[in-house]
Structures are given as C-alpha cells and as structure tokens.
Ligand SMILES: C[S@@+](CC[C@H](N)C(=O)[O-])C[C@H]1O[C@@H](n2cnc3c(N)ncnc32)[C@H](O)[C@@H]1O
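The chain below stands alone, shown as structure tokens; this is the form predicted alone.
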C-alpha cells in the first residue's frame, strides 16, 4: 500500500472502461498499473495498494517466496499461523492461500486492520481486480462474521479478522487467545502517512508477542535505514529482502538468524551511523534524524554484528 509513481498516476487519470479514478463513496478507486494489472487506490492516504507490479506479483515475491511459506508450512505438523498486518483488499492473504492450497495441512490467518472498506470495495470490483476470483463467498463470510472456516483444495483454512487500532491492540494485555505466528505479512501504509504503525514501541511489543521457541519471519516492502534500525532495536535479526517491482531491495526480519539469508552486516552498520534518517520513531510522529548515541550503542552491541563477517 504505497504512494503511486508519476507514471502510475498518469495511467490512473487516463484510465477507461470502469470509470478509473472516479472516487467511490468509501474513498477508494480502481487504478490501472503500468504493467496492466489493476489495483486499489486510497484517496485518503494518497497511496496505491501494491503499485507497479500489482497485488499478486508483489505478494508472491515479498511474502510467499521470501518467507519460504510453502516449504515452511509443509514442514509443520500442526497449524501454520500467519499474521496479516494490513488486510487492505486481501491480496496478500489470498495469494498465500493460493500458494498453499495443495498442502494437506492447516493454515490459520489472523488479519488486522482498522477498516474493512478496502475489502468491501475490492469485492464490488472482483472481476476487474481478478485476484479474488474463487474466494468471493469466503470473503463475504469474513466481512459478515469476522471469521470463516473452509477447505481450499487440500488445505484446511481458519481465517479471522481483528478490526481496530493495531498499535492499541498490541499495547493492551492479551484479552483473547491469538495463536503465535510463524509468519508476519507487514503491509501498513508508509511511515510518512501512517507513522503510528512504524514506531519502535510497536515493533518492540510485536517482537514480545512472538513465541521464542517458534521460528517466525516478518517481511515488509520498505528498505529504509530507519525501519531496519527499529527492527534491530526491537530484538529482531534483520536482512536484505528480495526485489519487488521498482524496489531493488525490501526487508526481512526474524526472531532467529536461521531465517535470514542475507543478514545486515558491519558495512550496513557503518552506513546507518552516517545516515541522516536512522533514528527510530519513538512516537507516532514522522521525522528524520541521525542515530542517537544510545541507539548507536544498542545497535553496535546487537548479536547480529558480533560476527567477523562484513555482511551487506
């Protein structure tokens, strides 16, 4: 769910056929991306979901392949748990289900968002978007009841949605049992438009919700030094992630180094120290700042940088 490129915006304004760019009553509109794929644009946040390469291609590269979901789910004897943070128009979880549907096991998806309007809008335009095809009935049940259970080919699916403020939910004591995740799909609006979803306290609490005995990996579209510093200071191991569309690199983080193929090394640490935008957001207010002396010392002592390799 990122800000659109100038080319994408021109394509949106020049759209045709389905009244592209005409606002809906819910504040969303369809856009045609440069590669021909269709996606959803939020008028309030001025950001397009999965820009440039489209919903399916981005979800496959960023989450399915990068988090090695078929391989890791297939190795589980019990339920494989995915936290989908930023449900949006459901492209990420639906793409995950398609990738796992022939695995004869069980997957549980716990989706989080503050609104279901993007999903409602997407279902109204399921034909144009394409990626929801075959899941419309299940998604309507999710909208109506907040949860749904079904079989998808060989896969047993349990899917719940948690509607509300995710930072506030994390800050509260656990009031309902939510299974600990194996994978985190982190797809919030950008820090510039939604800083509350990118603060150091939030990622610290998120790390605290993980089961230390259950390997868990998080992927997200950003490669910013600010984000990576935040994840490291929250307790994660952090690495360079796969490219997606115009993004030459994304970010992967985990509670165990074994899930990180390309960990950040000392060269990155040196760049972070020189960066003018590396200090985490400690409050939900976007700004750019150099690392504080305290943050630098904590980063320098992170176990990830204790090895002698140079890293990336």
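Positions refer to the first chain, counted from 1. Please read these numbers as outputs of a predicted model, since none were measured by experiment.
Heads up, the form predicted together with the named molecule isn't pictured, but that's what we're talking about next.
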I have 79, 98 and 155 flagged as a candidate spot, so tell me whether each of them has a non-hydrogen atom within 4.5 Å of the named molecule in the model of the complex. no
Flag residue 74 as yes or no: does it have a non-hydrogen atom within 4.5 angstroms of any non-hydrogen atom of the named molecule in the model of the complex? no
So in the model of the complex, does any heavy atom of residue 146 sit within 4.5 Å of the named molecule? no
Using the partner position in the model of the complex, report whether residue 229 sits within 4.5 Å of the named molecule, counting heavy atoms only. no
With a cut-off of 4.5 Å between heavy atoms, is residue 201 one of the residues that contacts the named molecule in the model of the complex? no
If contact means any heavy atom within 4.5 Å, which of 138-146, 176-184, 82-90, 102-110 contacts the named molecule in the model of the complex? 82-90
As a check of understanding, the residue in 235, 167, 134, 130 with any heavy atom within 4.5 Å of the named molecule in the model of the complex should be identified as 167
Even though the chain is shown alone, can you say which residues of 253-278 have a heavy atom within 4.5 Å of the named molecule in the model of the complex? none
